[in-house]
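We begin with a single chain expressed as structure tokens, specifically the form predicted on its own.
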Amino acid sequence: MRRTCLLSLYDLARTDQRVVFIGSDITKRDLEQLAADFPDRFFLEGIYEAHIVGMAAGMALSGKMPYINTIATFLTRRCYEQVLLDVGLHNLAVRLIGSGGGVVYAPLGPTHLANEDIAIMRAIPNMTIVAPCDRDEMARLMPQTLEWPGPIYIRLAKGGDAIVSRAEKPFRIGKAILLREGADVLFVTTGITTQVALTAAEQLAKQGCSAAVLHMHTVKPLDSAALLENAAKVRAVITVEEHTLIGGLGSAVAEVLLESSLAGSFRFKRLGFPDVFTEELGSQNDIMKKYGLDSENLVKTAQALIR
């Protein structure tokens, strides 16, 4: 996914002279052609996240469209004030590309785990948050970033994940995609948890349970209309996110549902990381499974709710 994102920047830079790339603590890998053909629009600034956000804001105020890439934890936590005041306050067209959303960097421990990045960015006015489910969806996202107003936070997974998005399902920033229809339970997902939910939905179908999967690639602005339309058809709604339960997708969905006329008409459950530091060292899949973000637990949760 990251490779698709970075390689697509070359096409964007060739199409639009506003496009500028700024990297922090990364290599030139997958960016060689961009650096060679557009050296005046390519910058590697080292471990200076606060600096590059301010630098990007200045460029955006001068008519450029900067794309920043570094590790998600550093982009959202280390330079929060710069993102809030320099980018958000001025509603600038800066694209913040966070590598390793969730527990991708599990072997490096809690300092590198972006379990709260969506909550952090949701709190910033004017910020758009997108978490594609696979590399094909990433490829459909990137051209749309040229015309989208205001800042965008793009959450990257580890890469190499299964392709579950479909070209025939139109991708538009801010519009959810119903990847599977169902009458009993609705899984609302984002990022790679969409893949987990689709697997769970297939397993539930074998047991006579009909599960829908609504992929919320855009967490902010949330597609409230699609959420309410699909929630009205089922007996249970389950949100699934590789993120803390505080302030992420589950919170956003709960806010919409509880303020709607549907409140109380179905069972509701959020699945994600509890209010703890996930300090385990291991693989992304190991940590997700420990905290119930695997298809087996999704099946059990759905069964319990619809009983």
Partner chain sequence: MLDQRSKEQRRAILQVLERARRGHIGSTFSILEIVRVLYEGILRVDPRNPQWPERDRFILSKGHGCLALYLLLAEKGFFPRAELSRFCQFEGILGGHPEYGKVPGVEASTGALGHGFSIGVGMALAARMDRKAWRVFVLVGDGECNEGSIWEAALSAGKHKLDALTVIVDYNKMQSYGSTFEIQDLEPFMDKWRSFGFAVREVPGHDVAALEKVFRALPVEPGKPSAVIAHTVKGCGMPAMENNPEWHHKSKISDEEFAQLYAELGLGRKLNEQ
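Positions refer to the first chain, counted from 1. Keep in mind that this is a model prediction, so the values were computed, not measured.
The same protein also has a form predicted in complex with its partner chain, omitted here; what follows describes it.
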Heavy atoms within 4.5 Å of its partner chain in the predicted bound form: does Glu81 have any?
yes
Taking the shortest heavy atom distance, is Lys269 within 4.5 Å of its partner chain in the predicted bound form?
no
Applying a 4.5 Å heavy atom distance criterion, does Asp40 contact its partner chain in the predicted bound form?
yes
Look up in the predicted bound form whether Val20 has a non-hydrogen atom within 4.5 angstroms of its partner chain, and give yes or no.
yes
Within 4.5 Å of its partner chain in the predicted bound form, counting heavy atoms only, one of 272 to 280, 27 to 35, 248 to 256, 53 to 61 shows up; tell me which.
53 to 61
Exactly one residue in Lys169, Arg235, Arg77, His90 has a non-hydrogen atom within 4.5 Å of its partner chain in the predicted bound form; which is it?
His90
In the predicted bound form, the one of Ala123, Leu85, Leu228, Ala183 near its partner chain [non-hydrogen atom within 4.5 angstroms]
Leu85
